[in-house]
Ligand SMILES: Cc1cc2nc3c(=O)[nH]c(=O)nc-3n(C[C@H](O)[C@H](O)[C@H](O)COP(=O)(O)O)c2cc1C
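Listed next as structure tokens is one chain, alone, in the form predicted on its own.
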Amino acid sequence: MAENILIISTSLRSGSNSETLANEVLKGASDAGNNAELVSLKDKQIAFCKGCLACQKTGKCVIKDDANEITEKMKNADVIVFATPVYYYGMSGQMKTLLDRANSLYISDYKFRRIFLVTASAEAEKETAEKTIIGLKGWIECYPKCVYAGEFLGGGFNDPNEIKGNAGTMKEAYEFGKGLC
């Protein structure tokens, strides 16, 4: 049965290695027969959460920007994949801001049950992404109907578009996408 898979690319850099991986995951998920969509934060306006908690009463954020449309897509996805560069051993600031702004989902009847992570980093060691994984797992713990389902770590790539030259990593990302469901 086809699932609705939402892939959120959180890098703002042109030629981003994490977005390149996200696109390969998208191809794999689509080729496996799923309804897959990629949303890039690159041209989106997403303000910081004000902490007003109005969303906990209304189910919608009071800030009128692109985060509302993205969180609605998150709410209706069966599977969410976050793709981020690893900056200083953590997720991108844009990803953290989106997670904060998704607070309205907490009281909703969200559909997502599995959350995956895709990273790209200059260092190739698995430990490079540990704090990124921990940060995402912290968000997931607030959503009891879903689980952290795994990650794809693309390490050893620094320059824009560098990852495109590594056929093995690209194929692994594609296969990761095929196996999301």
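All of these numbers come straight from a predicted model, not from anything done at the bench. Just count from 1 along the sequence shown to find any residue number.
There is also a form predicted together with the ligand; it is not shown, and the following applies to it.
Novice: Pick the stretch from 24-32, 140-148, 43-51, 121-129 whose residues have a heavy atom within 4.5 Å of the ligand in the predicted bound form.
Specialist: Residues of 121-129 come within 4.5 Å of the partner.
Novice: Identify which of V79, M95, V86, A102 has a heavy atom within 4.5 Å of the ligand in the predicted bound form; exactly one of them does.
Specialist: None of the others qualify; the residue that does is V86.
Novice: With heavy atoms only and a cut-off of 4.5 Å, decide whether K171 touches the ligand in the predicted bound form.
Specialist: It does not: once the ligand is placed as it appears in the predicted bound form, K171 has no heavy atom within 4.5 Å of it.
Novice: Does R13 reach the ligand in the predicted bound form, with heavy atoms at most 4.5 Å apart?
Specialist: Taking the distances in the predicted bound form, the answer for R13 is yes, it comes within 4.5 Å of the ligand.
Novice: Using a 4.5 Å cut-off on heavy atoms, which residues of 90-104 contact the ligand in the predicted bound form?
Specialist: Residues within 4.5 Å: none.
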